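Listed next as structure tokens is one chain, alone, in the form predicted on its own.
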């Protein structure tokens, strides 16, 4: 079968790979669409924090596929060495979620790793309450676009989107952002002041896939009892934080990773997003590329996909 194979750590190459054969408790799925995510780049590069995966292996950690009974399902955590960016993948039935006919394959993929990393920080980790004010840092990516919509759907009273790409940031307004802040224009106390102005005060919940200087500035605009949910470090692995930003507000920094969320929590969140998509309340911009262009997808994701979910189609 054709697959995106990591033969040496770096960028996968489209080539032939052995066919997956299901053992007891496993099924082979016909892949209809596979997601491309930063975690896939890290695994292919051999830099993922859990360690290096033995070579060779097929890249990709999520997709939409057709099960042996003919039904469609979202799946993640394919059984190594068979990743999702291939014509077929090997999965565990418990790692699949049935899909309604009304949802597009690419959109269903987007609701997986990216969608859950947007929805769960607000719903599960922050326990967002009706009327609260939310800041979405890094709002110009797929995760950020979904998080802006998720905040509104979960009852936020005001949502502020902040990011570096002006065009992608502008697209958050029709998605529900009440105000936007361009991060490249300000730093430090100046950025904190701009965020406070956009909030009309302070933030009850901050979704932070950036860390570094933007997170430090955002904490200066956190409300009493506010929660910053830390989900990534694309702006830096470390941040210099004044203790008063937390101590003086009774604020909290809470970590989040999809990997540690309870299975039933992830399934409930995914199904909620699917319901919103089918009802027309949640949208995702998807761009499809053929599997043979996996190197292009890798390059595009490294450079920033600008709010569009990249999906590879076998």
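Residue numbers count along the first chain shown, from 1. The shown structure was predicted, so the numbers you read here are calculated from the model rather than taken from an experiment.
From this point on, the text means the form predicted in complex with a small molecule, which you will not see here.
K.L.:
Give me the residue from 38, 251, 56, 61 that has a heavy atom within 4.5 Å of the small molecule in the predicted bound form.
P.N.:
Flagged contact: 38.
K.L.:
Go through 73, 235, 154, 79 and name the one with a heavy atom inside 4.5 Å of the small molecule in the predicted bound form.
P.N.:
When the small molecule is considered in the predicted bound form, the option within 4.5 Å is 235.
K.L.:
Which single stretch, out of 86 to 94, 124 to 132, 157 to 165, 194 to 202, brings residue heavy atoms within 4.5 Å of the small molecule in the predicted bound form?
P.N.:
The contacting stretch here is 157 to 165.
K.L.:
Is residue 301 close enough to touch the small molecule in the predicted bound form, meaning at least one heavy atom pair within 4.5 Å?
P.N.:
Close contact exists here: in the predicted bound form, residue 301 approaches the small molecule to within 4.5 Å, heavy atoms only.
K.L.:
Given that the small molecule is not shown alongside this chain, does residue 231 nevertheless sit within 4.5 Å of it in the predicted bound form, heavy atom to heavy atom?
P.N.:
Because a heavy atom of residue 231 falls inside 4.5 Å of the small molecule in the predicted bound form, the answer is yes.
K.L.:
Could you tell me if residue 107 has a non-hydrogen atom within 4.5 Å of the small molecule in the predicted bound form?
P.N.:
Residue 107: no, not in contact with the small molecule in the predicted bound form.
K.L.:
State yes or no: in the predicted bound form, is some non-hydrogen atom of residue 256 no more than 4.5 angstroms from a non-hydrogen atom of the small molecule?
P.N.:
Close contact exists here: in the predicted bound form, residue 256 approaches the small molecule to within 4.5 Å, heavy atoms only.
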